[in-house]
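Below, in structure tokens: the form predicted alone, a single chain.
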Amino acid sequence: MSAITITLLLAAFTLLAMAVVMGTILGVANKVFHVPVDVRLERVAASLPGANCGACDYVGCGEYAEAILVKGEAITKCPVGGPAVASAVGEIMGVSVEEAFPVRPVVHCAATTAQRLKQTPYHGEQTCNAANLVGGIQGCVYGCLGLGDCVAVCDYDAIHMIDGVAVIDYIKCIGCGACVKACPRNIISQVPFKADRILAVQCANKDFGKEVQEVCEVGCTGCKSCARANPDLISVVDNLPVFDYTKYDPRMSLQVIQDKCRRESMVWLGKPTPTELALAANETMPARQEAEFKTTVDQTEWRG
């Protein structure tokens, strides 16, 4: 054999020996350091919707699935999947699930731009977070600022600014809660929808009646008529009616509650009925309005 052939053979045998040794080491390490994985983890993760929206307070569906198995996290924290997902996960985990309902956001303000009184032009940065730091731009300090921070964070085109107020498209909304976190005035909350349409309070003003009337044409004045109509379901807290949705039953006679409201603050929200869809079939729907992000520096006239 030539020297070259011997060198090549030695190199091949050396590499083979190294591969055998490393393989043996890895095999032993795999057994010594093996961490058993619960076979249910993959099944739970597969049952989740995969939206990775963070509404469950975890980074993604995989982390939430791990928390269910390792930390004993509640299996009902996925608002996107709702009762169906909770039931599927419960079956995998071998636990019973109490009756649950999908949660969806409710904007607690119904006043359009024209219905808001004592407004002052705002020329600052066109975001709700920035405008919320400026006093006096509108009389109601609880109302929707109308600059679309909630619209900007919605990945599902499920919330739009219409006439200066945030309006949710409940057909597209999956209940991820991104809009709830984006609102600097905290006037969007997650509510259990026990039916396609529920009755909700679209006002967040905690002031007394006369003060509300001075700043808004439709704001709740705290007259308590709705609470008197159904005291078991509604209580008045800080001059605002509050629904106890644990007692909310769609089979109740709820229309009387809305009829008692003289200020248009009590509103039916949810998916439109077939009749409403038919009436709106030939209407031109308003285009989605995006907030125009700019600062006062962008509008400055530089001279010199």
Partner chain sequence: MLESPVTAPGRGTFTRGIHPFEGKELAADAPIEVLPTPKQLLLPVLQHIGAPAKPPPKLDKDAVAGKEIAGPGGFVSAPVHASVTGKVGKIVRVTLPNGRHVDAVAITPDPEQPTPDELYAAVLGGDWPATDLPEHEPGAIADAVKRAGIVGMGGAAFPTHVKLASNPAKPVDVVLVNGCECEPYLTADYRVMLEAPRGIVAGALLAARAAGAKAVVVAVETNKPRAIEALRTAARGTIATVKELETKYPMGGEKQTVPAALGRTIPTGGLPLDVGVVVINVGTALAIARAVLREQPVTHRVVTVTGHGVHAPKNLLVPIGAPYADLVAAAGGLRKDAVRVVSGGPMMGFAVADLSVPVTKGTSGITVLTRSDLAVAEQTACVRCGRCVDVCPLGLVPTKLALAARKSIWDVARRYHITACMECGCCAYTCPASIPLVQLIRMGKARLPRG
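Because the structure is predicted, anything quoted here is derived from the model rather than measured. Numbering follows the first chain given and starts at 1.
Missing here is the form predicted in complex with the partner chain; even so, the following discussion is about that form.
With the partner chain omitted here, the record of contacts in the predicted bound form names 140-148 of 140-148, 83-91, 164-172, 189-197, defined by a heavy atom within 4.5 Å. Of the residues given (Leu117, Ala74, Ala152, Val134), Val134 alone sits with a heavy atom within 4.5 Å of the partner chain in the predicted bound form. Proximity to the partner chain in the predicted bound form, taken as a non-hydrogen atom within 4.5 angstroms, holds for one residue of Thr221, Thr127, Gln202, Asn230, which is Thr127. Proximity of Tyr156 to the partner chain in the predicted bound form: non-hydrogen atoms within 4.5 Å are absent; the residue sits far from the partner.
Mapping the unseen interface onto this chain, Glu211 counts among the residues with a heavy atom inside 4.5 Å of the partner chain in the predicted bound form.
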